[in-house]
Ligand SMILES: Nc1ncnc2c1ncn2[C@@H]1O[C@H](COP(=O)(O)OP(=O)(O)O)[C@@H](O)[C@H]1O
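Encoded as structure tokens, the following chain is the form predicted on its own, with no partner shown.
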């Protein structure tokens, strides 16, 4: 179904899309992320796995500064995308989130038409010169979201009227409409049935041709199916990071092995 093997060639600096060094996150007095260092590759699916509350979603939200929206959150350390410090005071978080798209756990289409859900981001970021441009962007995004054929004859129907799996693919189309370079997915299949989950997993595999995709998942089977790289988090620490096949068949850290075999988690 998928070819989740990473490229055989050695990784170079040009392959690295996101570089994190010494990242810490505090929520008030709670130390949620502890000194995380990781290099995330371009055009690769990277899975974050670990027990509930281990910090994987918190770290994901550092990559597009979503933690900025939480009053008690404090993020320190260095995160760079293509060498640019995303926490630099000159970086506009709104522009950053156009470059780093995000798909959430529960499908959350806007209470607008299917067309307007996808057109919203390109409109506010000035990506379309005219209606024809916008039509093209919407069609391209819906095709990338693998939902165009299902909705092309009802673009002005409400997005909330779609099935759960269709809504999630609409949300993915909405996220890619601003031409991001990174796509973050926080447990994107947890509210979906097995058939819809399979469709979204197929889509994730296609999206990595164009994006660096980072997915938080509670399902180790899903991580094994869709990712080329896996990071295992435990109690706010990044315990182990490497090729997915290696992490699942030959983990180096006893904690990783305990989690994968079901002894912790």
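Just so it is clear, the structure is predicted and the values come from calculations on it, not from any experiment. Residue numbers count along the first chain shown, from 1.
In what follows, reference is made to the form predicted together with the ligand, a form of this protein that is not presented.
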item: 62, 54, 238, 214 - the one with a heavy atom within 4.5 Å of the ligand in the model of the complex; value: 54
item: Residue 66: touches the ligand in the model of the complex, heavy atom cutoff 4.5 angstroms; value: no
item: Touches the ligand in the model of the complex: residue 220 (any heavy atom, 4.5 Å); value: no
item: Distance check, residue 32 to the ligand in the model of the complex, heavy atom within 4.5 Å; value: yes
item: The ligand contact at residue 46 in the model of the complex, heavy atom, 4.5 Å; value: no
item: In the model of the complex, segment of 36 to 44, 220 to 228, 66 to 74, 206 to 214 with a heavy atom within 4.5 Å of the ligand; value: 66 to 74
